[in-house]
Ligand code: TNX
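Below, in structure tokens: the form predicted on its own, a single chain.
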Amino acid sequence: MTQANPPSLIPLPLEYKAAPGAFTLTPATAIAIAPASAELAAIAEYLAARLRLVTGFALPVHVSAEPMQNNDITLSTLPDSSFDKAEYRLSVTAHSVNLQAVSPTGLFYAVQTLRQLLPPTVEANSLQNETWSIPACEVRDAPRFAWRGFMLDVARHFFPPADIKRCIDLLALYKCNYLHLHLTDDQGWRIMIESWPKLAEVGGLSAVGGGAGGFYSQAEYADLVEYARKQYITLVPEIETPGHINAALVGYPELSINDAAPGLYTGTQVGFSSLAVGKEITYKFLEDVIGELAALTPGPFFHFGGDEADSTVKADYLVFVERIQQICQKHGKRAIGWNEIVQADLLPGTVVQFWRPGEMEKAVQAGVQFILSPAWYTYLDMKYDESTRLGLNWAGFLEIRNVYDWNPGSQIPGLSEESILGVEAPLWTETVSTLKDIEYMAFPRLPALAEVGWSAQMLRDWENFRLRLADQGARMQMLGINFYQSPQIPWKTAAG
């Protein structure tokens, strides 16, 4: 197969071959699954629900022994060991649509591609007067990296569960598969810990600028975990330690170095707070917090922060990092920490999240895996340009091309691609306080980074991408996304 001018798909698939004709949905179209499986049925219903809303067609889901040829859409899993877990095939003819993968994960990604092959009006929330045609084609696709993530800071400003679910919905469309929630910081503690309730009840009262705080109950958090799982997104909790911890110390001063309770903090400075890492009560606290969150989070990762611990003595910091890794492993989780943790001895399985320049040689030589989030390419809280109302600029301005034009494989000297777990786009919220703000700062930069993480480096091309992104304008508009209409992109929106 060749890249024969694929439609405006983001991320760009590995292989695309156009064919004559098109498949058109009709009132007689059905969706088949093979074999019978509750998970496949759920994916089929996910697709059917979207299509029913805009077409008005019944689109019944049924089990079929083999791919259908009579105006049906078929989702099937195949026992083929040559496929990667996330790989899929998509075949569209005038008579049928067949989606194939070895796992439900791959089928879910195939469904996202199918969505993007349909007219943008498929994303509407009401019945549409439209001819629902899908261009005939053959697609083979698989991701470059296993981790294609988005981090949302809910500590500096709190966002209710409905906002998080909206983010999950949009992440799924662009085949992102990790949602990293930065749950705690100096300005707020956003998750209830039953054994230490004042963390949320007291530490959750504040936000940057003095606005309303908030926190998630454990039931709300578990619901978010499950909502993400159904869209093949793994939720990763972050409890920031040993610095960025002021909100925890307000309710529990015994965790502080001087046993004194600080006041709630509503500013944006960093580096002034620290756990008392020499006290055993600190490790009891971490055991309880990590234990409760690990029980609520079936994913394999736990992020403990570790950055900007300027008020922690270095020798104590090194011991702390070693001990918290052990606690994470005790509770069945792979520990993740920001750059600074490379100073310590890292246990097998620990992951480094790279965000700023630093000495990485020791970790690279040890074969440590990395998540790449270089601030100058991926920090979605950076302004687009000097006129952007929201955001900061300490890492520079990040227009779309800045975000798109980098190769993760050459980011850290000596780091093999096999040691790159993937890429992640963090959105810190010092200046971001509403869902519309999130959307404006994340879109369309997040789709650009989704392609950086998914698509083969040799296929990526800025001029090709900017035209595909231009076509995505109408789709984002139909989704109601408050996106930044970059002057770098010749947008094609519903308005023209």
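Note that this is a predicted model, so its numbers are computed, not measured. Each residue number is its position in the shown sequence, starting from 1.
The protein also exists as the form predicted in complex with the ligand; that form is not presented, and the subsequent description refers to it.
Although the partner is absent here, residue 370 is not a contact residue: none of its heavy atoms lies within 4.5 angstroms of the ligand in the model of the complex. The ligand is not drawn, but in the model of the complex it has a heavy atom within 4.5 Å of residue 308.
Although the partner is absent here, residue 424 is not a contact residue: none of its heavy atoms lies within 4.5 angstroms of the ligand in the model of the complex.
Remark: residue 428 counts among the residues lining the ligand in the model of the complex, judged by a heavy atom distance of 4.5 Å or less. Though the ligand is absent from this view, in the model of the complex it lies within 4.5 Å of a heavy atom of just one residue from 109, 221, 338, 150, which is 338. For the residues 382, 90, 181, 247, the 4.5 Å heavy atom test against the ligand in the model of the complex is passed only by 382. The stretch in contact with the ligand in the model of the complex, judged by heavy atoms within 4.5 Å, is 373-381, chosen from 360-368, 196-204, 397-405, 373-381.
Contacts with the ligand in the model of the complex, taken as any heavy atom within 4.5 Å, map within 151-177 to 156 alone.
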